[in-house]
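First, one chain by itself: the form predicted alone, in structure tokens.
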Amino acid sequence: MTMSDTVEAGEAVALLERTRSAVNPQLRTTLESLPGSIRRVAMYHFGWEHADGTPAAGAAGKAIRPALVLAAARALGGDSRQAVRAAAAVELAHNFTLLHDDVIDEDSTRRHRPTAWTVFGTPDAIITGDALLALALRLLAEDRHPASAAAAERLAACVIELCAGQQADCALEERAPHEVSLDECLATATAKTGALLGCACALGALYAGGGEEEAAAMDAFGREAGLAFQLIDDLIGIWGDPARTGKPAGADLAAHKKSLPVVAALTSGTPAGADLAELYRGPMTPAAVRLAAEAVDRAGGRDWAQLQAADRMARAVHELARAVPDLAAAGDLLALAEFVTRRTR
């Protein structure tokens, strides 16, 4: 990492910290409005309480999506303070997906501690996720900002797209390795990850007074950046440091996930891709996970994902320029986008 990269990363980290300071009070107030048993699960999931309900000082997440809302509003000359409720709504919708995804994927760890479903049970985790989505929409419905109705409509449509993406992802996981195409996986990743990042940017544009054209361009920016985000996330799912990710090494491989680097390797037509397919047909022991990671690398999956992430970021900047011709005004958005595609955890 160069000195310039370090400075850019520091700017993004500071921006995320400011976002948490601005949005967390709204999030806490909103979560505290939940009925007791659901509130307890939600506060645990966000890292603000232990399982027994006593206060905790855990992190509630990186706040990338709410930061995009506020940064997009500023990029179009808006007052980001007026978009705090929208930013909180996006974060609530994101955490709705996390609670459900952890159940579907049977993930046992998130943010360095047991996932909510492993602590409170599957029904309570699912119900709490449902409640977070309702809270997200209520935040927008109660907001008196003139953009709130359009924002609620966009967020609802986005959640439907997220659900379709999750369903497609589950269907892909049930298919044999040789039956999955890279185009299918890219489309699924766009729906699962890109859609919400795009929605976050579009909501920021709407709250800045932008029209449909600006909102669409911001949405396209977020979608491309979101796909870059997912590509890097998939790399971390294979080669991430457990001490930083809070998950076991090679967790995605151990779960037989058909992540983007994996599918790129499986469809490479290389001997290493064939080795990976054979490994994916059997149990993923720690030794098999190590061999699978090596096979993904040898088949070119790692290099492909890194190049794709860079290409998607270039496309994202092109889309951003349609909404903000002077990219100097979009410095915060660009810093966030660079940060999520250079991160290592």
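Don't overthink the numbering: it's just position in the shown sequence, from 1. Just so you know, these numbers come straight off a predicted model, no measurement behind them.
Although it is not shown, the form predicted together with a further copy of the same chain is what the next lines describe.
- Partner proximity in the model of the complex, defined as non-hydrogen atoms within 4.5 angstroms of a further copy of the same chain, places exactly one of 252 to 260, 227 to 235, 179 to 187, 143 to 151 at the interface: 143 to 151.
- Using a 4.5 angstroms threshold between heavy atoms, Asp107 stays clear of a further copy of the same chain in the model of the complex.
- a further copy of the same chain is not shown here, and in the model of the complex it never comes within 4.5 Å of any heavy atom of Thr267.
- Contact annotation for Ala220: none of its heavy atoms lies within 4.5 Å of a further copy of the same chain in the model of the complex.
- Under a 4.5 angstroms non-hydrogen atom cutoff, a further copy of the same chain in the model of the complex has Leu34 among its neighbouring residues.
- The contact residue chosen from Leu76, Ala216, Leu133, Ala274 relative to a further copy of the same chain in the model of the complex is Leu133, the criterion being a non-hydrogen atom within 4.5 angstroms.
- Proximity to a further copy of the same chain in the model of the complex, defined as a heavy atom within 4.5 Å, holds among Val84, Leu137, Leu98, Leu172 only for Leu137.
- Shown without its partner, the chain has Pro123, Asp124, Ile126, Ile127 in segment 113 to 129 as residues with a non-hydrogen atom within 4.5 angstroms of a further copy of the same chain in the model of the complex.
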